[in-house]
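Quick heads-up: it's one chain on its own, the form predicted alone, in structure tokens.
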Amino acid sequence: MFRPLLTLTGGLIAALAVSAAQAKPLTQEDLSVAEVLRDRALESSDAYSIVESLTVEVGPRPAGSEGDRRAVAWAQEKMKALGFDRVYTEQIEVPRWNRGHAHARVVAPFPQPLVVTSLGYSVGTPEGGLTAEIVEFADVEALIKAPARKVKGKIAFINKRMERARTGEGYGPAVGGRSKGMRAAAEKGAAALLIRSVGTDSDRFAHTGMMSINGVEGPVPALALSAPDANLLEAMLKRGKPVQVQLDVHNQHLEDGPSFNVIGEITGREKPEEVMIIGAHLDSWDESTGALDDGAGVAIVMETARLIAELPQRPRRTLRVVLYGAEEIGLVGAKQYVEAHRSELDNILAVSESDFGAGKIWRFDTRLPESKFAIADQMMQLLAPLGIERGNNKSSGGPDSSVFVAQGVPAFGLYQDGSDYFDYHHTPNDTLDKVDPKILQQNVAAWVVMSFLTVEMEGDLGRIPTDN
């Protein structure tokens, strides 16, 4: 059993009342308290029990669904139990959609079934399904440039492979087929769209995900193929014979409805109006329990706040945990949060988000004015022993945090090893067994250092230039 933090800090408690006259933004006493927090996280942080609770007691939680409503109630109850000073919600409006069945099979020249899943918010096929010839494109840009006569009446097949990388940098080049492909196919009169799943695995699971639907006239069914089935289609097409595929898809678009950002605070003792926001997104896709995307992130930031709440007194400023709603369908919760709190953005010290699974953190990036780099350097004194290296100053802070960064709010990024993240991303295989409790402890240790030192430091982090 870990002893109470009060008995461990001894004379270090004085760090929580450092005089504003001191020159350094982070004093040695601040760093010493953060070190105690870091070591406690490594020994006894319990983020795993939080993600276990979310996946077991709530499960899938698409925006605006019954699962989403259960998740919102779960998050409020959990934050209160963890000792947050204030817990509340803010309603957002979200488009809603129900996934039905999606079946695909090659009917000629080599009949056999295919494993597919509908992309988020896809329409269904006409009653009885549709059958059409496949036309292949190397990527979405090739589809966009293709003459309509090549596509009209056919099933456009975007066969873009995603490259594996620790940083996840292969995602950007591949995801355009998912996000823009249906729009391009519909504009050229295609019967439907198939894409190679945006993922790095070779499992026979298809990866879902959101696509651009606003303003598309005459949307067409859009589905992802598992990687082995994309390989199968590719091999058939190389034989030089027309390949015909039959699709039978049923999905349901619903009226817009409510979801919520769930917010919990550890209230600052001196400047409660000044806040650091650490976040994750509460929603998930419907085909898994969302343990990696983003149950692990939810657990990491909630446990970070719990550890800080156990200090003998509150930090100088407020630590605010925001569990964003409807991230998966376009950062809806973050966008509506920024719009609702535009007049308060100058009081946000910094933002950061955990939304890249449950891998070990290996890099610390920032988005700060150059005059504030010394603060990050001081943080690195405590992050380096965790196996973390200094990165660049180009961090977005995470998907939801990027909405704040666009308004000039500084950001921190604690980047996890994403080598296998896209093996599971948006598939039924995103489940609790992929989460390692010991690695979650290392995550929390890094997050508690960064978060505590930000809300306890002297001064602020300034603003970053924007194009706005």
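Numbering starts at 1 and runs along the sequence shown. Here the structure is a predicted model, which is why all the values come from computation and not from measurement.
Just so it is clear, the following notes concern the form predicted in complex with another copy of the chain, a form of the same protein that is not shown.
- Note on contacts: among T27, S402, Q441, T431, the single residue with a heavy atom within 4.5 Å of another copy of the chain in the predicted bound form is T431.
- Contact with another copy of the chain in the predicted bound form, judged by any heavy atom within 4.5 Å, is made by just one of N231, S212, Q91, T167: N231.
- The stretch in contact with another copy of the chain in the predicted bound form, judged by heavy atoms within 4.5 Å, is 109-117, chosen from 300-308, 276-284, 147-155, 109-117.
- Taking the partner from the other structure, another copy of the chain in the predicted bound form has a heavy atom within 4.5 Å of a heavy atom of E52.
- Contact annotation: N393 falls outside 4.5 Å of another copy of the chain in the predicted bound form, judged by heavy atom distances.
- Among residues of the shown chain, Q244 is not one whose heavy atoms approach another copy of the chain to within 4.5 Å in the predicted bound form.
- Shown alone here, G59 lies within 4.5 Å of another copy of the chain in the predicted bound form, counting heavy atoms only.
- Shown here without another copy of the chain, the chain has only R70 in 69-102 lying with a heavy atom within 4.5 Å of that partner in the predicted bound form.
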